[in-house]
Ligand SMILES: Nc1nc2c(ncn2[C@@H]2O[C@H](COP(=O)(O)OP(=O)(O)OP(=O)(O)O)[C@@H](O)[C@H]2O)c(=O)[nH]1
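Taking the form predicted alone, here's one chain by itself in structure tokens.
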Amino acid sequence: MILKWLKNKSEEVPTFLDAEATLRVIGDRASGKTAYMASLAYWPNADSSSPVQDVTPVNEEAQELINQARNILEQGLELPPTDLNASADDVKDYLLSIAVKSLSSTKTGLFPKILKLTVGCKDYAGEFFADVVHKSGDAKLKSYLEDCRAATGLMFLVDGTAPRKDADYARGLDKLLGALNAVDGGGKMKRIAFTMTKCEIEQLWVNRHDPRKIAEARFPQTRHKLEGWASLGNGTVEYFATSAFGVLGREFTQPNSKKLTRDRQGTTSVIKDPRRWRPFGLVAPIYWLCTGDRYRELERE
């Protein structure tokens, strides 16, 4: 009887569940926002054991991301900067469908339910975040802030290799969070995923499973601002470590990236070995922003 039950379970058709979210990716010029989005859309060398079943572009803008990943990143080249002059309405809105084995089904061991995350992410030029501090009356900046207010979740990307920018990030967040709370008595509750990029370098990679620890050590002022905002009941915050390029090797790893520049602004890199390109942790913050649940399997190699 048990064998028959197991056989019947194995023949079941997966159940598809839907979740939609309007996310905004914020961060400065060096944070690697476009590389993050392009690597997510392309999803190279997918691991068959990953909870992520597939990532599919829904609109033309998302398909452009795949072309950028294939024709630029995979060739070991650097992506061009995001268009600074675009208004909030003209900023490219990347619509992706991400199929993930649901967390509840992995806990119960039953035939997996597939959660389809339909995610819209706008990629603003990094200068917008800096302008939050310096250009309070700018018309483009106003449309940018209004657009962020309308989002259901914010992904705040920072270059994990740029701890000297902690004070800058904290000042920008202070202004941004103040603007977000200034509408309708605080607006709707939001989730903010503090997401550190470029975590393939050794000192970040070894702590990738404890992103809060990385944030405490490298970005204490920024973390203080976020925790203060959350403690007032404005929303919730979680911390994530990611890498658009991943690492090479398993026991003795090295970054799958080749450094071009390194200064106070952070690190500029390109892929070292495109044949072994496998991003790390890209879906984890998106899953949390969409569902409110932390999915630890998405944060493992």
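The model shown is predicted, which means the values in this text are computed figures rather than measured ones. Start at 1 and count along the sequence shown; that's the residue number.
Quick note: we don't show the form predicted together with this ligand, though the next part is all about it.
Proximity of Arg29 to this ligand in the model of the complex: non-hydrogen atoms within 4.5 Å are present.
Among heavy atoms of Asp210, none comes within 4.5 Å of this ligand in the model of the complex.
A residue is said to contact a partner when one of its heavy atoms sits within 4.5 Å of a partner heavy atom; Val206 fails this definition for this ligand in the model of the complex, lying far away. Not displayed here, this ligand is approached by Glu78 to within 4.5 Å at the level of heavy atoms in the model of the complex.
Contact annotation: this ligand lies within 4.5 Å of heavy atoms from the stretch 120-128 in the model of the complex, the single such stretch among 223-231, 120-128, 173-181, 93-101. Residue in contact with this ligand in the model of the complex (any heavy atom within 4.5 Å), chosen from Ala241, Ala62, Ala244, Ala69: Ala244.
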